[in-house]
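One chain is shown next in structure tokens, namely the form predicted on its own.
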Amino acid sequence: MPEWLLISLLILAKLGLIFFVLLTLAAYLVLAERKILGRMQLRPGPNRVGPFGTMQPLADVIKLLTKEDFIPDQADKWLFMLAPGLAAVTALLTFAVVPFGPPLTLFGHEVPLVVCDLNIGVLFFLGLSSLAVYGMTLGGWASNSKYALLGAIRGLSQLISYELSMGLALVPVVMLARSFSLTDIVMAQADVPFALVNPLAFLIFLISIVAESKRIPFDLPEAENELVAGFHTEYSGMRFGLFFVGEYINLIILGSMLTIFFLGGWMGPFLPGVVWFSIKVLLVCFFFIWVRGTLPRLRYDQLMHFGWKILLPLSLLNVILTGAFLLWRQG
């Protein structure tokens, strides 16, 4: 078999596998969240569809597909239809640069467990996370609803406030690894994960990605008791489903990024690298669910105060301290 054909088949196989695993995991993450939140609130959670409720995700998909697809009067129809797809596609594209294990050897060829090992993987992730907000903003603006518009404006200002801190928290990681490649960053943590080397950057990045996910305590763009459902108030059927799936895929992506940047990626003893990577990502997802079931929602002024007056100065200070430490270590 020609080498180019083998490489093309391997890339297609990796894309198909990632697409299948991401969508399946997102569906069952919804079920896990409902079960865990149910237990935390002393109720069983969904348990009627299939054994132990395991077919509930399939029932949810059928419900969304068969619901009426409603477009409000005076809405911008093209933008209204485009926005949910934009939110889901940007979340899916990010996984193209995520290395989820060490390279394998198949048919005498070394196969990296990443679709595309970009040497600017960190910038690719930050760029796509910035683009993701367009789905929410366009959806809120195109809906011709004051609740949706207010949710979109809140989401946009929240992203600007916390993405600065998130990007600055990654500067020490790049300085320590001396590379923008995600694979190189994981390899640089072979001895000690960066969460122990630079705990302040880890904490800032963790808080920033919780804000990036727009979940409690940072769920002001939706805020059911203030804005009904915020930017997706007017969506129904599968278009609402795309926003919903995009949120949970984004959760997996952010968990993967935290694992790569600070938890050593696939590094770990005894078990295969893919297993270690999966365990770490699932633990981060559990943390997101636990936070949602435990903490109250911040007020909008508290959110802005925390982002601009606490997280951003701390991020800048951490960059300076890390640079000074590296210069001191070099002598």
Partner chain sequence: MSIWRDIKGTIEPFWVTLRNMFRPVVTIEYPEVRAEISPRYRGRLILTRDPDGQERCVACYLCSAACPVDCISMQATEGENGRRYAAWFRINFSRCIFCGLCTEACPTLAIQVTGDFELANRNPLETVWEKEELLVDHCGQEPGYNFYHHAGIGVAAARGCNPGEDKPVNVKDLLP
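Just so we're clear, the structure is a prediction, and the values are computed from it rather than from any experiment. Positions refer to the first chain, counted from 1.
FYI, the form predicted together with its partner chain isn't displayed, but the following is about it.
Hey, of 49-57, 63-71, 268-276, 294-302, which bit sits against its partner chain in the predicted complex at 4.5 Å between non-hydrogen atoms?
Selected stretch: 294-302.
Just to confirm, W290 within 4.5 Å of its partner chain in the predicted complex by heavy atoms?
W290: contacts its partner chain in the predicted complex.
Examine M40 and determine whether its closest non-hydrogen atom to its partner chain in the predicted complex is within 4.5 angstroms.
M40 belongs to the contact set for its partner chain.
For A27, is any heavy atom within 4.5 Å of its partner chain in the predicted complex, or not?
No, no contact at 4.5 Å.
Though only this chain appears here, would L31 touch its partner chain in the predicted complex if you measure heavy atom gaps against 4.5 Å?
No - in the predicted complex, heavy atoms of L31 and its partner chain never come within 4.5 Å of each other.
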